[in-house]
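The data below hold one chain only, encoded as structure tokens and taken in the form predicted alone.
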Amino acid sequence: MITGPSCTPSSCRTAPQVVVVGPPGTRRMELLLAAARRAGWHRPTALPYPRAQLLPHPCLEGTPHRGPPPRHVLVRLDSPQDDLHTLRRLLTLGIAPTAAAGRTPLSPQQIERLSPARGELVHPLQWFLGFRELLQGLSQRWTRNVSWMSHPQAVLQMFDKHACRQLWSAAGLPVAPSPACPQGYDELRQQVRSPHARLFIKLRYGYAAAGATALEWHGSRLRAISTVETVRNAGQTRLFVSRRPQILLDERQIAQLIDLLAQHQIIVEEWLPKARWQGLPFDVRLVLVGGRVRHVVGRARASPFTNLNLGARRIPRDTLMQHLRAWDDLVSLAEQAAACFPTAGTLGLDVLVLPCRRRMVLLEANAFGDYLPGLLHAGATTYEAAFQGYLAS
């Protein structure tokens, strides 16, 4: 695991303290704090992202520190989603970098009036750029007596699907071919001139299948299957993540959807076929701690989108081991992929298994991909394994 510049494993254990940065009161936060306590860390505390931004050190209260240096602290960053105050802060931080990227950001007045509905995607590009500003600030200030379970830079790299592809490709690891890099639908059709194409379109900085769209055309026939539901309200189009796949057959509607997503930057990959389990396409989520595979679960669903948050069925690890023809290759590939993020103590990886059940392709890295309640390995949850792994390092 990763230790800070002024900390050794032995000094970490003399006064262990954990600070989990994330929205307070969420189920994720409660599970993380409980796991830290069970793993032997004393007094783990929650720190909201907006407050963390103001602190010179995670153990201080925002005033200039005088006296002895603050004691060592282990910082776990967690997902900033599901909290309106955090959302507003990240969008505010993202105003300037969004404008610098040539996009139109939400204004401070629009941000203050926000009241998003459940599942709504609110300017995902501006959200990410604000998150990047905040994490870069923390990494610059929180240096003395601080260790990161996953360094902010590693978290940001994993959020960037394009950066992940580049890292893995440079390491010679298999990724889905990317035939286009468009700014919109018309540009996509110009770049992919094949009369028959199957493509997967993703938000470059998306997560949990937000904005994912499977697009296929065969001559003049088109079909798009998307996690995105669009709603027109007061002259504006709002985007929502839907558990029920949205099927579009009209090219005008498909073009409008792709153009909306492209405003927030997209990547395009070939839509590859998946192996099947009990007749359902599936892929695999692996959780790695300290670069080693720990928890593994298959995700099966009669849809291009096999995310568990969208209702996919879980396939147990033992079942996967029997079903796959190259289990050791899967583990090796995952650990090679994780090695591309050497300062990530914990991460989730999504791996596509091709129909032969022998070959695999890396799909995505997920900085917060260890949120898998109820999944055990060697008697430990994913969160317990992360905290235990750090103490054992």
Partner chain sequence: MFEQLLEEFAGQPVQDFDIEDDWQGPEVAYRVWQGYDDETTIVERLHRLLDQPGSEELTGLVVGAWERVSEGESAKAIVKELIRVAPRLPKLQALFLGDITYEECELSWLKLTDVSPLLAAWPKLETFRVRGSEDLAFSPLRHEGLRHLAIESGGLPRAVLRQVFSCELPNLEHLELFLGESQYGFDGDVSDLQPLFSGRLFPRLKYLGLMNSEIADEIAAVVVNAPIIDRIHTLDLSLGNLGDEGVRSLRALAGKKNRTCLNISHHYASPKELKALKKALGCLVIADDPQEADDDYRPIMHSE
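Here the structure is a predicted model, which means the values were calculated and not measured. Positions refer to the first chain, counted from 1.
This next part talks about the form predicted together with its partner chain, which is not shown.
*Asks:* Is there a heavy atom of Ser303 no more than 4.5 Å from a heavy atom of its partner chain in the predicted bound form?
*Replies:* Residue-level check for Ser303: yes, a contact with its partner chain.
*Asks:* Is Gly279 close to its partner chain in the predicted bound form, meaning a heavy atom pair under 4.5 Å apart or at it?
*Replies:* The answer is yes: Gly279 has a heavy atom within 4.5 Å of its partner chain.
*Asks:* Answer yes if any heavy atom of Cys356 is within 4.5 Å of a heavy atom of its partner chain in the predicted bound form; otherwise answer no.
*Replies:* Cys356 belongs to the contact set for its partner chain.
*Asks:* Residue-level contact is defined here as any heavy atom of the residue lying within 4.5 Å of its partner chain in the predicted bound form; does Ala171 satisfy this criterion?
*Replies:* Answer no; every heavy atom of Ala171 is more than 4.5 Å from its partner chain in the predicted bound form.
*Asks:* Going by heavy atoms within 4.5 Å, which of 23-31, 335-343, 357-365, 50-58 lines up against its partner chain in the predicted bound form?
*Replies:* Stretch 357-365 is the one.
*Asks:* Which of these residues, Arg113, Arg193, His85, Arg221, gets a heavy atom within 4.5 Å of its partner chain in the predicted bound form?
*Replies:* The residue in contact is Arg221.
*Asks:* Tell me, out of Arg292, Arg232, Arg252, Arg244, which residue has a non-hydrogen atom within 4.5 angstroms of its partner chain in the predicted bound form.
*Replies:* After the contact test, the surviving option is Arg244.
*Asks:* Candidate spot Arg118, Gly184 and His264, all three in 4.5 Å heavy atom range of its partner chain in the predicted bound form?
*Replies:* No residue of the spot touches its partner chain in the predicted bound form.
*Asks:* Can you list, in sequence order, the residues from 251-278 that come within 4.5 Å of its partner chain in the predicted bound form, counting heavy atoms only?
*Replies:* Heavy-atom contacts within 4.5 Å come from Trp271, Pro273, Arg276.
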